[in-house]
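First comes one chain, alone, set out as structure tokens in the form predicted on its own.
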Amino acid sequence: MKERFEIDSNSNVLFVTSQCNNHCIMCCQPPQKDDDFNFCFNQNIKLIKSAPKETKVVCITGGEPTLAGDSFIELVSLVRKELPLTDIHVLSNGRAFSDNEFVHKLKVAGEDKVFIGVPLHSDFFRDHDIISGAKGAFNETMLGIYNLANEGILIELRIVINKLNYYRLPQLAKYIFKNLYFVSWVAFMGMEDTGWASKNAETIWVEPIDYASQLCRAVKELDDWDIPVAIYNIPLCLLPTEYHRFATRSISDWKTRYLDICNDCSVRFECCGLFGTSMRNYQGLKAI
């Protein structure tokens, strides 16, 4: 956890808890059972009160931050009070938002400054539940997404690409268009090879060069339907040139790493690079 926030950083994080009610098979930071709510809350209060007023964005994450219940809402409210210009990016599995009252509390606390990043692993409920490691997660997450939309809260769908879902990315794009057309944007994400992703690598690891065609089909379909779409965590050299416009510098600044071959790359400063925390490099990396 950072000891202070930086105005232009993309990794100003309020870590709420290491606990989670999902057990995603590719989780880069596996959940713990420690009762850390009070400790984290007190640390977060100090961060918020010492943060520059011009801080652009704060990410509230875990674990699953909504497990803190009303303390989570209080944290959002305090950010809104102390940092009125700051956007609040919440990373959540979305299940707690199946409770209408909880979503309304969030809307009141965050007003128009909150946007929620919710993972959607598949258009097929069983695949989503298997990847998230929680039976019934798909139904709760979907209900949560609709409740957030009903309150006018911005939603980012986050799709972590792995061996269990990459072949259905085009079908997932169609599902989003038909059922979740109201989301603010969709992000397709390369995996971070650490934590449970490394432990379960034989089951879930897949290289970008192996799923690029399915990814590009999904991105094109969403773009054709005017649904904003982005590609996170995949270096530009592993994407067709015409898809570079969808890729962003998405990896937290403290995690970003570049190889020696990147020094001669003409698009190095537009590229997300690699996870410094990953146990392996992607195949096919090259300078452009």
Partner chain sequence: MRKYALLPFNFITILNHEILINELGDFIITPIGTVQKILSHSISDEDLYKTLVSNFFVTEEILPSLLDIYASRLRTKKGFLDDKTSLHIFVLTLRCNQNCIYCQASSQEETSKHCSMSLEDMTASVQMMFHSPSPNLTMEFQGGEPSLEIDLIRHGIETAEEINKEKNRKLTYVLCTNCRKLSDDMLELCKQYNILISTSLDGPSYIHNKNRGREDSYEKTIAGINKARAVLGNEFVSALMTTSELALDYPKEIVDEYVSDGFNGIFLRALNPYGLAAQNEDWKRYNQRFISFYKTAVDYIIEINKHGIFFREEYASIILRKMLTPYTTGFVDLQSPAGTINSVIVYNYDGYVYASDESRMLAEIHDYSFRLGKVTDKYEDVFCGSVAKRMGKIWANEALAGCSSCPIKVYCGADPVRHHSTQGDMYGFRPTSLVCEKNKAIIEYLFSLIVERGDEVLPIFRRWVK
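No experiment lies behind these values; they were computed from the predicted model shown. Residue numbers count along the first chain shown, from 1.
There is also a form predicted together with the partner chain; it is not shown, and the following applies to it.
- Candidate site formed by D123, D127 and D226: every one of these residues places a non-hydrogen atom within 4.5 angstroms of the partner chain in the model of the complex.
- Of the heavy atoms in H89, none are within 4.5 Å of the partner chain in the model of the complex.
- In the model of the complex, the partner chain sits within 4.5 Å of a heavy atom of K178.
- The partner chain in the model of the complex comes within 4.5 Å of no heavy atom belonging to E64.
- Of the heavy atoms in A134, none are within 4.5 Å of the partner chain in the model of the complex.
- A heavy atom within 4.5 Å of the partner chain in the model of the complex is found for exactly one of F138, W196, Y211, F115: F138.
- Interface residue among R80, K105, R158, R168 relative to the partner chain in the model of the complex, by the heavy atom within 4.5 Å criterion: R168.
- Note that among 240 to 248, 216 to 224, 64 to 72, 46 to 54, the stretch whose heavy atoms approach the partner chain to within 4.5 Å in the model of the complex is 216 to 224.
- Shown here without the partner chain, the chain has no residue in 13 to 47 lying with a heavy atom within 4.5 Å of that partner in the model of the complex.
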